[in-house]
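A single chain, nothing else alongside it, follows as structure tokens in the form predicted alone.
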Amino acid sequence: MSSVSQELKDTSVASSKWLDAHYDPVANLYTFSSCIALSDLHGDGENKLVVGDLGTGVCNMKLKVYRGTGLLSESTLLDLPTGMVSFLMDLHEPRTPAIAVASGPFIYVYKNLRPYFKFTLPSLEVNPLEQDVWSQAKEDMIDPMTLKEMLEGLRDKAEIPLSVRSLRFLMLEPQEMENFVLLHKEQPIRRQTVITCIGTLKKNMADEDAVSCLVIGTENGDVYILDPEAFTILYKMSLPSTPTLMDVTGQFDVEFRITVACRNGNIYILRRDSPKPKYCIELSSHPVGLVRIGKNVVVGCSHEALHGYTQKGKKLWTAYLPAPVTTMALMDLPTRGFQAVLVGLANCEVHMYRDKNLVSTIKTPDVVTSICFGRYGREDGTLIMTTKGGGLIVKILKRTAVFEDRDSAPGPPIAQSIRLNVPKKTKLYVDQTLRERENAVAMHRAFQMDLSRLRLAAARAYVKALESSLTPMSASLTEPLKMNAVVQGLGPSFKLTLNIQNTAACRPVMNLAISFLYDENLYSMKTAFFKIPLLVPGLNYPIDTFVECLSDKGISDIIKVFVLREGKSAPLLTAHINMPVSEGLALN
């Protein structure tokens, strides 16, 4: 039994498209796809794995760097990372990328794995009424309970939200309020937002090693584009809700699109020429993954479905999944011109989709929480995954792997989902449609009249052919015959073979003869009339004769064949044989 299971295992490994390079179930990596990246940190052509480790969620947050299967370095993070990207911030040699880690209201920039710069989001406007209330509390004009009542009134009615200090104060028990006021009343009020997502945007060139700007989304619904060197705000855009997922394409100095999934369940598309969203995609459930492939956007939703949209928000397709989505990532293999979407599911599987077609499935030992595909070390097709239990999985795509464009999941064929190229409605088409609507009854009557005339003409021609025996099948019930002719040869001599068959069930046919009618100036036949033997039902009787072409002008004519019955003047069958041109005479 063990040998059989081992054989099945070896067969599955051989048929797999991936090589199992490394699996460490106790790597203690707790992260998401937004906090994992592959980058050539030292400019030596060898990519490292950079991970923003969430730790316990309260402490032990670290920035970890892996080379191969071992941990190269780690740095302590002060707060929980919400996103991490690798980008080139200048043109200085050597071209080593920097790492930007978004955490709270700050962006920590690391270069050569050392802290380089700290960017702080600009403070938000503070409610003037809130400032006035705290000023009264500072001068002891109101007691803590009155302060609480006034802040609660502001919270319910004010357009500008309260600061974190006021919200914390409203959460306290009555006996703790006085000490809180004494501790904080001398400090100025600040309202600070936090970063929810981060991405990169090429500055002015589309090259892979071009300088990139940082793009960040904040809790209060703003999107900032930062200068890569001075870290000043180059552009600001606003969204109706808090962004959670982001995909950026284009160049800042030319044209760019920022696709953002927000907490209200909608997807907004921002463009350079507009500080507010250009298009909006309304989803039926909240998005949990966002990937752009070419000009299309693929969205994974919480109700176990994958949707494809155009960049203008038009829905293209929907694929239903067997389990909830945990994470998504883009699989881009430029050397093969292959792009797909990797979808991690809660049933310990990773599905690979091209459009709506499932092209591959990867089984994992645990639920995958983050996915990253790209060049790791010196291997281009490397798939890196972290699991819910803190494990690290590294797989390498085989160079012989081939992904078919057909859907491996059961369902309708691919051809059913191909959109038809329907032409646009022209003015002529619209005019014809209106004419058909107005004259529908008259047009239908005219069509029925023409159809009846066509049927009558066909019936008359058929009856005429039967009466004159011009058909290759006999209409007589007493002599049911069928005949076909074959001409063989290049000329000037031809072999003419007639195949005659009695189609009756059990009655033979006798006393038949065959006669040929032809132009004697063109053709000559040794025998132009001969009798047919008894025809047994169901058998094919070949009758051969030879035809000699007499003309050397390269012309041909028709030879008529009649099947006759003794005592009857009308033939039972008639066949017209189109003779070919005699090639022998034409060559001479």
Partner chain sequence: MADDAMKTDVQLPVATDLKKPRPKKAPELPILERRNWLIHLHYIRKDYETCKAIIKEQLHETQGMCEYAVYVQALIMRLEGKIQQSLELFQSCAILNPKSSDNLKQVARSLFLLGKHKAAIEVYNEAARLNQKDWEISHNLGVCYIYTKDFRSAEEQLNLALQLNKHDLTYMMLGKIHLLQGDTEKATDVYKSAVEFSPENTELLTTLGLLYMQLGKYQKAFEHLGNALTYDPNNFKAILAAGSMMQTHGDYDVAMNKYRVAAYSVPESPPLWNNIGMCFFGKKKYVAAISCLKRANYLSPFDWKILYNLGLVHLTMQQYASAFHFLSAAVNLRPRMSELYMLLAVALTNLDDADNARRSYEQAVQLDESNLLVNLNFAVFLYNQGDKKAALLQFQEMERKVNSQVDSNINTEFDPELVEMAQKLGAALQAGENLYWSKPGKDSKTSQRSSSGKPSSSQQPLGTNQALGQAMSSAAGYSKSMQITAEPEADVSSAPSPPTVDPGEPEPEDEDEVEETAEPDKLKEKSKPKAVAE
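Take the two forms, superpose them, and find the largest set of C-alpha atoms that agree within 1.5 Å; that set is the rigid core. Residue numbers count along the first chain shown, from 1. Given the structure is predicted, the values throughout are model-derived calculations rather than measurements.
There is another form of this protein, the form predicted together with its partner chain, and it is not shown here; the text below is about that form.
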query	finding
Residue stretch of 37-45, 545-553, 531-539, 23-31 approaching its partner chain in the model of the complex, non-hydrogen atom distance within 4.5 Å	23-31
Position in contact with its partner chain when the complex is considered in the model of the complex, options 86, 249, 192, 218, heavy atoms within 4.5 Å	192
Option touching its partner chain, based on a heavy atom within 4.5 Å in the model of the complex, out of 463, 487, 167, 141	167
Contact test in the model of the complex: residue 69 vs its partner chain, heavy atoms, 4.5 Å	no
is_contact(residue 81, its partner chain) in the model of the complex, heavy atom dist at most 4.5 Å	yes
Proximity of residue 54 to its partner chain in the model of the complex, heavy atoms at 4.5 Å	yes
Contact test in the model of the complex: residue 422 vs its partner chain, heavy atoms, 4.5 Å	yes
Neighbours of its partner chain in the model of the complex among 240-257 [non-hydrogen atom within 4.5 angstroms]	244
Post core alignment: residue 94 C-alpha displaced by 2 Å or more between the shown form and the other one	no
Threshold 2 Å Cα movement between the shown form and the other one for residue 433, core superposed	yes
Core-superposed comparison between the shown form and the other one, residue 130 Cα displacement 2 Å or beyond	yes
